[in-house]
Ligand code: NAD
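In the form predicted alone, a lone chain appears below as structure tokens.
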Amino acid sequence: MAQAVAEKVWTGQHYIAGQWRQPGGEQFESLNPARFDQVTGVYPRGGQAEVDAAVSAARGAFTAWRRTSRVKRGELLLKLAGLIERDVDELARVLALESGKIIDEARAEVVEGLHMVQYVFGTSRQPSGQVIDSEIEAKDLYVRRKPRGVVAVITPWNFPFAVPLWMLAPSLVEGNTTVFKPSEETPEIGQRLVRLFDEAGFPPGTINLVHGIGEEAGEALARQADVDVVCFTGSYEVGSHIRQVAAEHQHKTCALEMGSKSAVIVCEDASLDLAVNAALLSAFKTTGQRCVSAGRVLVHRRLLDPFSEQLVARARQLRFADPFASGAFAGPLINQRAVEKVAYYNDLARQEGAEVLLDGGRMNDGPSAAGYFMSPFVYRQRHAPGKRTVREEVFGPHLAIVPFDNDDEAIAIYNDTPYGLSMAVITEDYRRWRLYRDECDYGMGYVNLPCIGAEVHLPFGGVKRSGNGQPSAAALVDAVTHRVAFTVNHQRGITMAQGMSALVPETQ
């Protein structure tokens, strides 16, 4: 098995007010999930003091940054895009080594981050407000966007390069300043990204980096009173906590993208080959560790047997291996906690009466034994009240095949979870996909595609427990700015709207 290792153990540093700070005090280690005996890096365990310093630096830089031309802010992003493009291969190598994502996916993620920066640069010369007609001919009405201030960016390990850029790039081009806390599972790629911001020439304090543990540095950053917006991607439990923390501050808002129980819906007229491919990609790409991964495939009963047979046969052939191994379809899980969680839900499926079709689990033979590798677990499960495995997020290679008899039943099954992030429907009938489009609860929908694969110039977010109505990527601008109305009168007197009198009595 081909493997890659870090040439040396990486050393982390905070980046505050334009200065790289030598680590001191407590530190934490980052491990290679494909070889958990290998320490890839050592990073400072930041806390309240580092968060306060970073937020203070961001606040201090805010006035000058928001006064900088939006076009000039965009030009710095163009420089950043060039640096990312220059370093794509090295960034992909670091990302794969640290996250366990196979090198092909790691490179695609870096390109996705590049696309986000390019997209946001493109918006910097586009209108950022509106001119609206007034009912009074002598008035001009404007809607302008103003930056909110200091944006905290707290990001996950499964997309440690693209997701930060979904948040940082729109925040910065709109005139906000930022404090970035990458996941403790993938700190190096976050640090490499900030080094590129530094090289691109972003002024001191506009972007700051604090390493640390989520419960410590992340908690301190979410609570910091001088933070105006918290952008977070991660679990529902943590996101819900951040929402409550933000509500304690009158000025603080949040943009949250949380969990899911996404699904592919295979209708009776579906192309079987396309449906199987879409299900395999949706369920097992990134080892099922995408927020949009399909934990369920809903299959019309007419296709249930042939679909199940083909999917299981194909799933047996998928290679879960070292991220740098030739032919690897997916890599390891991120850590031991993830392994234990997937194993728990595999057991729970059996307890809930599932018909196990492919009994996957921990891979303990050969090189796989040295990493957090698990193979696909596939089962049939009828939908019924109280069955947790078809409602709760697993975040691993764990897939339920759920039969349905008609479109209305499929829609009811799909909606019967606390989440609503991503949905794909496989059908040749445009009237049918329109029904699913309108009746299912989701933030991102697909037709004849996997339920993964969003593009950056679209909103990325969900409903119910999957989000709080503030999508990321292209739509983040709504979370990190507020709209102000501005009215200008061009006549020498005053005429009021709605026909209200503007006469003011003369003094006697």
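Small disclaimer: the values here were computed from a predicted structure and weren't measured. Counting begins at 1, following the sequence as shown.
Not on display, but discussed next: the form predicted together with the named molecule.
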Report the residue, out of 110, 242, 278, 172, that has at least one non-hydrogen atom within 4.5 angstroms of the named molecule in the predicted bound form. 242
Just give me the single entry in 219, 228, 198, 87 that has a non-hydrogen atom within 4.5 angstroms of the named molecule in the predicted bound form. 219
Could you tell me which stretch in 151-159, 67-75, 372-380, 307-315 has residues with non-hydrogen atoms within 4.5 Å of the named molecule in the predicted bound form? 151-159
Can you confirm whether 105, 345 and 400, the three residues that make up this candidate site, all sit within 4.5 Å of the named molecule in the predicted bound form, judged by heavy atoms? no
Quick one: does residue 404 come within 4.5 Å of the named molecule in the predicted bound form, counting heavy atoms only? no
My question is simply whether residue 182 lines the interface with the named molecule in the predicted bound form - judged by any non-hydrogen atom within 4.5 Å. yes
Mark residue 396 yes when one of its heavy atoms lies within 4.5 Å of a heavy atom of the named molecule in the predicted bound form, and no otherwise. no
Can any non-hydrogen atom of residue 215 be found within 4.5 angstroms of the named molecule in the predicted bound form? yes
What residues of 230-245, in sequence order, lie within 4.5 Å of the named molecule in the predicted bound form by heavy atom? 232, 233, 234, 235, 238, 241, 242
